[in-house]
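The chain that follows stands alone, in the form predicted on its own, written as structure tokens.
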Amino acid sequence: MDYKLLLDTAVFAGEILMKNGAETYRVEDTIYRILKKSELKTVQVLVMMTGFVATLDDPSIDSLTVVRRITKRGTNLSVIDRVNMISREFCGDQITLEEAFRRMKNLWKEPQIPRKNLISMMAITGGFAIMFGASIPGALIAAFAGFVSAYVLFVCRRYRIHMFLENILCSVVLAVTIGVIVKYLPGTYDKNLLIISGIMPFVPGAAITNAVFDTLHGDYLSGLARAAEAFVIALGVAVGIGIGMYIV
């Protein structure tokens, strides 16, 4: 077996999972199961929120160790599911190592399509507005504000603006957009309800869930780090909404 290729496959899997919001336990378990296919004496995996270390060692080979630093994180459950599927197929001997590596690499290189994010944000914010009791025109306002905030988010990530500032800017634009439309558009709208609908995609629900999950699994360092990340995101959104409402 090509142990270097096996390690690269496991590293691709771990990096993709971490960048798309997988739990620490899931990342560690996936990397470990892939590396155990080597049947070497020593397989060690250490995963933290900001990176991971994977090692293969045996008296018959030179030790192989890879360190990966993760600086960008998001949430994409579809990608996590696809990585899990490839991992299960490989560990179940349904596909070869070369095929698993090729599929992992293609998934790692797969570009994100901005227009899908924009359309999704419109659907989410408009849907939340209807769920919270807004009228159809109100839901359209929330959807438009979601589109604008998603575009600002895309620009911020393109220029690698810090996460805290990113959430502030998106929230400011969201609050200002809704405030201006409600003020000048004919009709009666609940501004607070529309703003709440607009910020729902920015609420760090996945980060809070993963923080609890990691803590219950004994990954206390990752759990505390994720809880801190959730607090920073929530603080940024709150500050941004406050600034936006003050401007309006």
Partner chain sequence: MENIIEMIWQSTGGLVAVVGFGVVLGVEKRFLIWAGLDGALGWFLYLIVDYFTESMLLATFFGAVLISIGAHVCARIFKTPVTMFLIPANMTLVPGAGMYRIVYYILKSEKEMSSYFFQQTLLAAGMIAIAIFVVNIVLNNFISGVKHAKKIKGR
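Rigid core (definition): largest C-alpha set, two forms, superposition within 1.5 Å. Please read all numbers here as calculations on a predicted model, not as lab measurements. Numbering follows the first chain given and starts at 1.
Same protein, other form: the form predicted in complex with the partner chain, not shown, and the subject of what follows.
Taking the partner from elsewhere, every residue among 117, 130 and 212 has a non-hydrogen atom within 4.5 angstroms of the partner chain in the predicted bound form. Shown alone, this chain has one stretch from 158 to 166, 141 to 149, 98 to 106, 69 to 77 that lies within 4.5 Å of the partner chain in the predicted bound form by heavy atoms: 69 to 77.
A heavy atom within 4.5 Å of the partner chain in the predicted bound form is found for one listed residue only; from 185, 203, 46, 61, this is 203. In summary, among the residues 50, 65, 192, 42, the only one with a non-hydrogen atom within 4.5 Å of the partner chain in the predicted bound form is 192. The partner chain is not shown here, but in the predicted bound form it comes within 4.5 Å of a heavy atom of residue 237. At least one heavy atom of residue 124 is located within 4.5 Å of the partner chain in the predicted bound form. Heavy atoms of residue 196 reach within 4.5 Å of the partner chain in the predicted bound form, making it an interface residue. When the partner chain is considered in the predicted bound form, residue 245 lines it closely, a heavy atom lying within 4.5 Å. In a rigid-core overlay of the protein, residue 195 has its C-alpha displaced by at least 2 Å between this form and the one not shown.
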